[in-house]
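First comes one chain, alone, set out as structure tokens in the form predicted alone.
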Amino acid sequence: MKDSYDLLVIGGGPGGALAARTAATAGYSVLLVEKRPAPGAPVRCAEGIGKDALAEFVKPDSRFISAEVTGAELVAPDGVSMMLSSEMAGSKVGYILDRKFFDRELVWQAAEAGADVMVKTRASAPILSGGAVKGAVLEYCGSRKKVHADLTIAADGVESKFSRWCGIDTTVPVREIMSAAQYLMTDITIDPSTTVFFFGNTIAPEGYLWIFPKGNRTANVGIGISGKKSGPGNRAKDYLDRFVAGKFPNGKTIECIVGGVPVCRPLESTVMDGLMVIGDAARVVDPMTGGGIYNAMFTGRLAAEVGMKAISDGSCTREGLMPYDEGWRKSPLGKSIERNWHIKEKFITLPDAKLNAIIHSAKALDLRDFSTISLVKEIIKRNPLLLADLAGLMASIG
């Protein structure tokens, strides 16, 4: 580890690794630091990603793919289900990753491209000069070291401490934090090629429960609920335990993780002098699903591309970095985040009776191309009982 670099990346998840790999491949000096002893563990993710989304950044490899998914099932509060084939389900099908191997592969690629990598290394404070970020104070193995950088990328996840220390307001309202719990379960009966989503205010208030297969009798079984619905006896884990007791009474839990997922709008600005914020730290998570692997990689790569030009031009100012902020907002990714936030805000207020009506209506649809927007529009058109509730939503998504 040197005293200074062109680029310092804080966080070794998929977004940070993509940023580091991109800049190092282009010949820039890069330091990637990760606070955990090894990237990818503990897993804090349901691990699903679409095939095309993965292929955009890395060649699929059986070493980090646990299962290939060819269909999805949506289950209404009353138990009625809608099956989506691979032709219809779009981004809802693809791969279930093994993040322990996937994250390490991406960091390995960054290292092979020339980036320096430090694990079990924590950024404890930013180095500030005239209001601009100039690197960070790093703690590792009981030592502290100042590392200067022309540009710093914060990829430190939902906690986003580094951005907050730099002066960016990263606060997420309690109602827009998805409180999540997940078990890796084995010895359970599942369809190994189908993801399953359960909806309803009894099973997962203002959220959903999922089963993501990771083999013939193994799956991630998890839940996300609104933070404001969490309380004694009704935490995410409590809802998950009740579901598992009924659905998989003889299953064996071999991992348990809990955490929070931001399902709010992204940060008002994801750049400041000397700093760019990406992935979960920037709140660029899909507000409908809580998914963020693709979003992190997309913003990580884009941040590196814009950042490299700024470094070369000597213009790592907010203005010089703004093409990154504007770029992801104007991209299909940014537009889908904004649209899905509006959809989420409406759907979480619906009672179970209307959630039932939505899935019953969807089951009768003959959609050649399934997507969130096409599904919502068709449901609104075909179900007059929902028209009044969702008319405003229809206008907001065009």
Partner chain sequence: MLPANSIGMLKIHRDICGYCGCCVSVCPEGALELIDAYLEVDERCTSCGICAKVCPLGALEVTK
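Residue numbers count along the first chain shown, from 1. Please read these numbers as outputs of a predicted model, since none were measured by experiment.
Absent from the display: the form predicted together with the partner chain. The rest refers to it.
Partner contacts here mean any heavy atom within 4.5 Å of the partner chain in the predicted complex, and among 330-338, 58-66, 23-31, 42-50 they occur only in 42-50. Exactly one listed residue, out of M272, V158, V196, I188, brings a non-hydrogen atom to within 4.5 Å of the partner chain in the predicted complex: V158.
Shown without its partner, this chain lists M322, V119, V258, A113 as candidates; in the predicted complex, only V258 has a non-hydrogen atom within 4.5 angstroms of the partner chain. Not one of G79, T218 and K344 is positioned with any heavy atom within 4.5 Å of the partner chain in the predicted complex. Although the partner is absent here, S179 is a contact residue: one of its heavy atoms lies within 4.5 angstroms of the partner chain in the predicted complex. Within this chain, H360 is remote from the site of the partner chain in the predicted complex, having no heavy atom within 4.5 Å. Contact annotation for T171: at least one heavy atom lies within 4.5 Å of the partner chain in the predicted complex. For I293, no non-hydrogen atom is located within 4.5 Å of the partner chain in the predicted complex, even though that partner is not displayed.
In the predicted complex, the partner chain lies within 4.5 angstroms of at least one heavy atom of each of the following residues of 13-42: K35, R36, P37, P42, in sequence order.
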